[in-house]
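The chain that follows stands alone, in the form predicted on its own, written as structure tokens.
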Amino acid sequence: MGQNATLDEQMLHLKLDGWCVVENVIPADEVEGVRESVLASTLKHQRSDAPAQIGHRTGLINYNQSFAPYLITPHFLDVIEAALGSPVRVSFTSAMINYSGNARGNLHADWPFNQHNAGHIPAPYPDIVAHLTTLWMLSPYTPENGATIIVPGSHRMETNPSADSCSHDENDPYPTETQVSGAAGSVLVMDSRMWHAAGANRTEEARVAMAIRFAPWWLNLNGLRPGSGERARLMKTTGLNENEVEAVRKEVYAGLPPAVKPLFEHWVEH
């Protein structure tokens, strides 16, 4: 389901199955430049705690802004706003590179539904769209190069494999799981409750992607803020760790296209 799908069709797919693919968010003649830019930034600023054969850089917007103009591509942003309401906010920007030979990941749901995080919505979950994960295919997504594994419909389950209440082991494949293929420049949009995992890259080429997550205006993000008292209390109370999303640097924010700035204005450093 791509650019030519109607918004109603995409929203129905998102509601029933928990995901849809929006094609040509980054035009075919422009995606290579973004891919090479994100790859170079990730190599330069690689997180030291990234898993083996994975390139990872959180807070990507501070290190690379080549993708920023595409965040407001109309046929993409329409889907995000239809699902979450308006205005929406970007909560995470991360580069994710699966190098040749990376292992399959574990099945999980994303923040705030991952029960391993200090700030999480406890299972059983209310049936509400509270957060969206978008995976930007800067390389083509294929089963051979580690395309994301999803369990369609799992966003309507009351739990996920990160919870003790879930009977399915996070390391075991799920009977109805599938891999999402797509052309470079496409974006997989999924409810953050969706059970998903990284696929194993069996090719010789790196698979380059970004995870950009979106929150509605009403979702509390303060537990992700570096140095916040709320984040410290959550970790102390639960005994769990929490993601830390670094603030957008003032000079980075100043250089963003005017129409993109509202997506990040809530997270600019003080």
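Residue numbers here begin at 1 and follow the sequence given. Since this is a predicted model, take the numbers as computed values, not measurements.
Below, we turn to the form predicted together with a small molecule, even though it does not appear here.
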4.5 Å heavy atom contact, residue 108 to the small molecule in the model of the complex: yes
Would you classify residue 98 as touching the small molecule in the model of the complex, given a 4.5 Å non-hydrogen atom cut-off? yes
I'd like to know if residue 47 sits close to the small molecule in the model of the complex, meaning any non-hydrogen atom pair within 4.5 angstroms. no
With the partner left out of view, is residue 207 within 4.5 angstroms of the small molecule in the model of the complex by any non-hydrogen atom? yes
Could you tell me which stretch in 90-98, 75-83, 156-164, 120-128 has residues with non-hydrogen atoms within 4.5 Å of the small molecule in the model of the complex? 90-98
Could you work out which of 198, 189, 71, 151 is the residue within 4.5 angstroms of the small molecule in the model of the complex, going by heavy atoms? 198
Sole residue of 219, 235, 39, 211 within 4.5 Å of the small molecule in the model of the complex, by heavy atom: 211
